[in-house]
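Both blocks below hold the same protein chain, though in two forms, and each is given as structure tokens: structure 1 and structure 2.
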Structure 1
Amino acid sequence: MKDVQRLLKKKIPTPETGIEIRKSICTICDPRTQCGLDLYIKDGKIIKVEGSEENPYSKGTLCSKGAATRQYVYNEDRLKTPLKRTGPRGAGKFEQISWNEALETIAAGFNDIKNECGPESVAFYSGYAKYFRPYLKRLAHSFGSPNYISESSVCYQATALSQKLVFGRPGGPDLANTNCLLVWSSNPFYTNPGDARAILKGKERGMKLIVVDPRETPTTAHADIHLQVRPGTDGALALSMAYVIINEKLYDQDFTSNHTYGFEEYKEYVQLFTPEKGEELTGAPADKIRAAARMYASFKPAAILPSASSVVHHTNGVQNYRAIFSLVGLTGNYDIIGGNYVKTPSFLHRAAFIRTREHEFVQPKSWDDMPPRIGADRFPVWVDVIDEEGQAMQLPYHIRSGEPYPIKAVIGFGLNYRMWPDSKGMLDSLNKLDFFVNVDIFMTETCKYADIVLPTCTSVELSELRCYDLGYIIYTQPAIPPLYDSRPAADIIYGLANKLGLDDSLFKAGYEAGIDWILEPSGITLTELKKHPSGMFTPKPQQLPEKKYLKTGFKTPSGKMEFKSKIIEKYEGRPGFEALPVYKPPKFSKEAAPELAKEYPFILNTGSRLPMFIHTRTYRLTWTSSLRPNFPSVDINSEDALRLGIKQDDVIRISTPKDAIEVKANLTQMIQPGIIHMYHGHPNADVNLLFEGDYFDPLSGYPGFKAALCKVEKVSER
């Protein structure tokens, strides 16, 4: 008996203790790949969480967010039942209803709007997590609406847009084989530990590391060269590096001669960006610019590791990233082992080196058979290049204007109105809807404004398919049943498809039948995957050759890599639609708006990752919040703080011409003087209030979250 008690105390899984280990994955932050979880289960409850060593990506490790899985799953803010609003929007007054009533109410409301205004008047939005996106997009299109939109409309898609304009197909960095890695405004030690481990392994074998980042970070600490630029000046730095590479004849002349379009015009344009000019525009020393350009061009193969959104959160963001990705082609590092290697996605943008029918599943109707998507009129390049979705940042304008057709209803899965610039304006727009449904794990501020609220569950309570670029695939099983009366998001989507009466054979067949249909070309079935609860390596991985463009060309209008975009050429004459990757300073900057800068002298940079937070999802967890107890706070350089009489944890006011918020000061030397860095989405200090809704990149519609102007004033001492 004593032995059993000892084993129970130590949470040892044995038949005597009744503790067993079940496998799952963590999707709290849902980056490119998901960390494996070992969940210790006793009497149907998770009592301990560890990293799963079998997972080839995470290899038994967990970050602070994943380590707090139990606090996440069993949080007191969990939604427990479907709810129907009984009071004014925002009052938080709801009554419990059954799932049947909830789904029938939603279906009736959507079908009424469809019959009156057309299916395009209903928008389907996906926030976090991401596993259900293929099913939600199919639901939207099967319903007849082109308006599937997601948080990727302010995250990864503009980075993909930039690469597609240059190459037609994005190429990711081959971290395991590169000899020189250029990390551009990304900090994997906070955002993607798997990439961080790969960087450390690369350094051990002699890989050179160049990091471009306005801040000092754990990643820059390992850099051979750190180019510390001012926010929003990335394009000027890339063009200045190109100046060195071209004029010192370090570029790949065979590639530029035979496989590119617009090289001579690009070559002429970069002559404006000497390293000295680059230093003037970016703040990075000219000698470091030269050294970085020589290192990147000489230590081949070389790769660029971009961020999902840092560079494109600028008013010239896509052009800046086009200039950066042009360096890949300029040096001949595109689609080669160790360079930016092109892998065909298998599922949810990840390549398991298998062929699937994901695209056929998610796109049951052609875009041409539906009305134009949200944002199509304002952002034509987006529509020409991005096949996945509409531009979600245009949702509030579309709701308010009713043009070119009205948006009457929105169903959101994890919709958070604070994600939009001018977040109050977004909330006001949601309140103009006839019908608003939100699906979430927690009772969020946004849920309080919904007409119907549906409770979904976490990744450990459901089954989902995921692929890994390591040639790995997993279909998880629920480690515990869904808590309370919550349901997996996919079950909600399939249930709603049934209530809507959609004539869709794959929805009628059911969730797992749909996944088997998607996987059929690979020869892998769910029956086989279920035998491998930790996942498995694909048995017959596709062999992808280097330089696939030699046979197939590039998926661009010219069939070549484009220094000058033929797609953008169609729209030249519109402001911001230059075919070359033209550099412009941020719209609100000392260079572009000197009079404004006199009153608002600080550069405001928002949304930089912290290791314990991901958007708003882990603020409510005691473990993660204890790691930043003065939150919400803003990072300010110690020299600026001393000049303004600000001490650690003093309350300060951040103001823009749009609005102001008050937060605590976090003094640091990790950022440059004259710049402040603020995390986003906190209900007590919503920094997105400070941005105008039309402060965006004209090509992508992405807000300029990473470079605006503000002033800082001390309010009170701690």
Structure 2
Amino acid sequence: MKDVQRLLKKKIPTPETGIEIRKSICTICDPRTQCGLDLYIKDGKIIKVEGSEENPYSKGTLCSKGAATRQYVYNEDRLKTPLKRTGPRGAGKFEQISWNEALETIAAGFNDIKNECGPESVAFYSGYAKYFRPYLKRLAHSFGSPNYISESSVCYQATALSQKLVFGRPGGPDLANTNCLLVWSSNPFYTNPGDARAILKGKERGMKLIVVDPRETPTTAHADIHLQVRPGTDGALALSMAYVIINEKLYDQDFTSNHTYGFEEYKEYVQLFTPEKGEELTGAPADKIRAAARMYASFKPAAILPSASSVVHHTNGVQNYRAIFSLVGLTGNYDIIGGNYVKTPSFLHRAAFIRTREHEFVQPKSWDDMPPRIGADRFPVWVDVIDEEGQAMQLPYHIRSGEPYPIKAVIGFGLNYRMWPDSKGMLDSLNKLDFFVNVDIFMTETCKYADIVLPTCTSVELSELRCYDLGYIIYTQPAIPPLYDSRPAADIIYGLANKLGLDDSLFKAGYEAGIDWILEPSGITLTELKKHPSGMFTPKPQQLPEKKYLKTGFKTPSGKMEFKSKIIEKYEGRPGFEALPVYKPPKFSKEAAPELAKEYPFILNTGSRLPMFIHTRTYRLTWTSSLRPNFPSVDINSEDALRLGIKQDDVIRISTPKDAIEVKANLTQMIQPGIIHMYHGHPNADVNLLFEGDYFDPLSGYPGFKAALCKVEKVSER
């Protein structure tokens, strides 16, 4: 082989090969931070990807999902043009239409509904990715609808809700400076590799690591103490740790006396949770609970790294998380360097230490000037505390009941009906709509039920603004133009705003002018950002003092950190609305439903991360799915399997009173006996079919995805 051909085959970027590297970010999984991408481009096509070394978060690395970017971008399931449904819903029969026709049809449909029923009858939903959310929320409110809703209704918001109830403002773990990290039900090795690297670095400098997780994971492997609880019992563990910390006088007495509300009642309540009681309730040994409590309370500063959603996917999720976050105040670790440190978000929940007008942009109309959001009647605490959105989990109920007003149309950006519990019920509800539009990258199952389907594109085909907590900011440039006739989600939103005839000067000014408007207080402009294709550190980062509450108080009704919530107190009497962070076992558990547990003896835990999947987004890629070839499969403890005569890859039936699915068994010792773990959303084995739609936390509306009861039976040998 000639030299140049050899270099071309091995994709070496040189002037002779003509392979060029362009910068972007990966948003396949779109967590707190986005990994930087180097895209190797030859003749306008991506031929290889690599992590971008300039990105201060990902530092040149990627995970298996990001490494599969090429298969994601050039997937055969990509939507190519706007489509209009011609067959029955779900049949997948469509005709191609022009963008103009598509947007005009949608605008006319939405305006008709607005005129007949009011703008609130149109809901605007965001799934993944997340960059376009500010524009979609503005579109909803500018149109007059309070119903901007998102997948955050089953992900981040309940964690935020819990933290806001306790402190007013959430404080994230200061990983770089902490001396003791308490990781609560999270495995950053599979979800936020940057955090995993910070943990490894911390361990090198002597940081203590405590991990609460029902499973063995790469994170628990590095732990000094691993508290292996039963799913859904986190609150009892936190209260038991508080018992030790209070009774051994390891708590911060200055903080509890001067800056907290309800400490005496909390102190009295935790007396019920001796470590022995903690062991009985959670399964974690009493001695380990004692050791963990002493370690967390003694090594200062200490921080808690929560997960976005595992703890809140329970029928007592918010109360459990309140009990956990109460430990931060109890030990005086709130808003200090190395503790849970409060940063002011700049854009999309991330703090780049700059001031922006994001809030003004996304909330052009006050909530009071619009009808109540979806879920407002059932979840008053949500309305009191969550500023961003309605509770999307209630969408199917709202559609079916038509109360307090009808929902007639939904436009989804990446809506997947299998995200909802009772996913079949959600699909039936979507089918009751007059008008359903879905925007997606791929022809998904949900798209087949839409009246109009719009093709959008991946992060490498568009420009987006992102902030990083490291004081870093990026406005990406397209590495390749949008494939086929697809358009960036933001272009679709701006196009729709135009066709809807909205009298909104910021929509009229255009996408980039809007971003410049948002960034204006920071002094940073898009012109400047465009000179830095892989991003830049913010030139004059705002200085953030510790203990900001000393000056401003806490953003809670009492102005203090609340062991006892004054907001929940307003609704006391409703089941589940206790002002103290009261522990209750999962509604479907051996403790709370012993009769049910006789027939359904296994704990069903869903959605715990696998490294190669993020929800359903990489199922269709052969590179990622080759890493778990027997998928869809359910993890079952090897001893349980032996007892039930189940061997690796045998087909087993998982059933609940609601429904049953059949799926291959994956035998492992990394999970506890009596618990099965199943990843969600697979069309051939959708575990969400097994959940009742109303199996939720009464405070947040979050489904109890991580602790229900089920039965396991062998169906056939492999």
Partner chain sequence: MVKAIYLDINLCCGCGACVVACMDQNDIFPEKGQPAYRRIYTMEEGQFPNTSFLYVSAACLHCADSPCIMGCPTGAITKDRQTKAVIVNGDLCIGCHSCALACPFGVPRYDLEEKMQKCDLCSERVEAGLQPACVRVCPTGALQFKSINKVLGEKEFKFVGNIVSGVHKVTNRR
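For numbering, take structure 1's sequence and count from 1. Treat the numbers as computed from the prediction; the structure is a model and nothing was measured. We call the rigid core whatever largest set of C-alpha positions still superposes within 1.5 Å between the two forms.
- As summarised for this chain, the second structure is the form predicted together with the partner chain, and the first is not.
- Remark: with the core as the superposition reference, the CA shift of Asp694 between the two structures stays below 2 Å.
- The two forms line up on their rigid core, and Glu16 then has its Cα shifted by 2.7 Å between the two structures.
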